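Consider the single chain below, provided in structure tokens and representing the form predicted alone.
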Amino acid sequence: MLTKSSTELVRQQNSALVLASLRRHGPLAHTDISHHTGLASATVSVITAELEKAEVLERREQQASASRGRPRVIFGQRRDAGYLVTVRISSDMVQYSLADYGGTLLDRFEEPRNHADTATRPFTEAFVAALDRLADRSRIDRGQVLVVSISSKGLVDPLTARLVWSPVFGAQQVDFAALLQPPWRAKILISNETLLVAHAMALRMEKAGARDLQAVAALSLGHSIGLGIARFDRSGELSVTAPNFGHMLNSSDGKLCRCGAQGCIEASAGFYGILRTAFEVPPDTIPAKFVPLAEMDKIALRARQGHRMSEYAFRQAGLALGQGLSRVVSLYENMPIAITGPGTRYFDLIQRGLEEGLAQSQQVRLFGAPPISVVPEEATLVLEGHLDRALAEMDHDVIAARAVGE
């Protein structure tokens, strides 16, 4: 016999299935929701009625395809049920975006930051002011913002919403929960940026109908090096991790990394590592804080013109990346790898070394290299990952709030 608490738990799980189905497939009719969730039509009718009454869902009419017949009634998220903010922190700018509960982007702006300034206080002051401006521009009360989702390269602590280490601030931590509360009552999420990229790539590939997709990796090339791995479990649920790939020990060559260690993958493959090798600077030289793309383009041009050390610098970067990926596929087996980030513009120079490094893995020699694709639009992938994860969190909180309210 089901107790009241167990009945409520089943009800919450069923509500979560309905909301997740609408997130994945868009507005749906009762029969379609029932098909995608496996729930009985009567159960779906009760759940959609409750969520409509709670002003979470709204019904819409979809014109029938034939000239005759009644319009179909479909259900979708009520856009003004809540709002979310996404923040992308990078070396030279911070991007702020506002979206509604339906996932529609409402506003976005970027603020440049001085990459030489590693102090956290000017950043935190500008951060809070930018969030206020984002809400004011759209005339949205701060209480209507349910989630603030933040991303950065580096190490994050999702449980406490802290940026632990980053290329931007080094070991200076930023406690975003303490920074925003109490004026902002939103739930604070923080993610490694490449984790979001891997999340978005997995969803894209699934939507495109990729066969037997079990996992996908995203490798970000640029000022820093990041890796995200997305894996589907047997039930189709997606879990994503971001191992500290760029700072894995790769070689005892003494190349100094921004993290303070020597021999990290990033010390060879990050923009500052490529610059250092191309200009034959001693490997233990303190890394440049920021390398403009214009400077990297010059090195790449020289490499394509046959300049020996410039060619060597990119090849060594590729070798370090390939050796790192060879360890990844040895641990996880082969999976598609998407190369993203500003460094994709130099992939033709990196590719040879990357393939050499991958070939050092027995897994690759026996079963072949994993499929590699170049996906330059990293910023779009980051936003897609932000939205999907933040909206799923909002759905979860909506269901929890209904349970408490009743």
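All residue numbers refer to positions in the sequence shown, first residue = 1. Note that this is a predicted model, so its numbers are computed, not measured.
Just so you know, the form predicted in complex with another copy of the chain exists too; it's not on screen, but the next bit is about it.
Check: With the partner left out here, if you bring back another copy of the chain in the predicted complex, are Q181, F290 and D397 all within 4.5 Å of it by some heavy atom?
Finding: Per the other structure, none of Q181, F290 and D397 touch another copy of the chain.
Margin query: Looking at Y312, Y332, F169, F123 here, can you tell me which has any non-hydrogen atom within 4.5 angstroms of another copy of the chain in the predicted complex?
Written below: Checked against the cut-off, the match is Y332.
Check: Just one of E111, D284, E237, D136 has a heavy atom within 4.5 Å of another copy of the chain in the predicted complex. Which one?
Finding: Exactly one listed residue reaches within 4.5 Å, namely E237.
Item checked: Stretch in contact in the predicted complex with another copy of the chain, which is absent here, among 372-380, 355-363, 342-350, 48-56 (heavy atoms within 4.5 Å) -> Going by heavy atoms within 4.5 Å, the stretch is 355-363.
Margin query: Can you tell me whether L249 touches another copy of the chain? I mean in the predicted complex, with a 4.5 angstroms heavy atom cut-off.
Written below: Close contact exists here: in the predicted complex, L249 approaches another copy of the chain to within 4.5 Å, heavy atoms only.
Next item on the list: Please run the contact check for A392 against another copy of the chain in the predicted complex: heavy atoms, 4.5 angstroms, yes or no?
Entry: Output for A392 is no: heavy atoms all beyond 4.5 Å of another copy of the chain.
Next item on the list: Although another copy of the chain is absent from this view, report whether N244 comes within 4.5 Å of it in the predicted complex, heavy atoms only.
Entry: Judged by the heavy-atom cut-off of 4.5 Å, N244 is in contact with another copy of the chain in the predicted complex.
Item checked: Heavy atom of G368 within 4.5 Å of another copy of the chain in the predicted complex -> Taking the distances in the predicted complex, the answer for G368 is no, it never comes within 4.5 Å of another copy of the chain.
Check: Can you name the residues of 151-169 that have a non-hydrogen atom within 4.5 angstroms of another copy of the chain in the predicted complex?
Finding: Contacting residues: L155, V164, W165.
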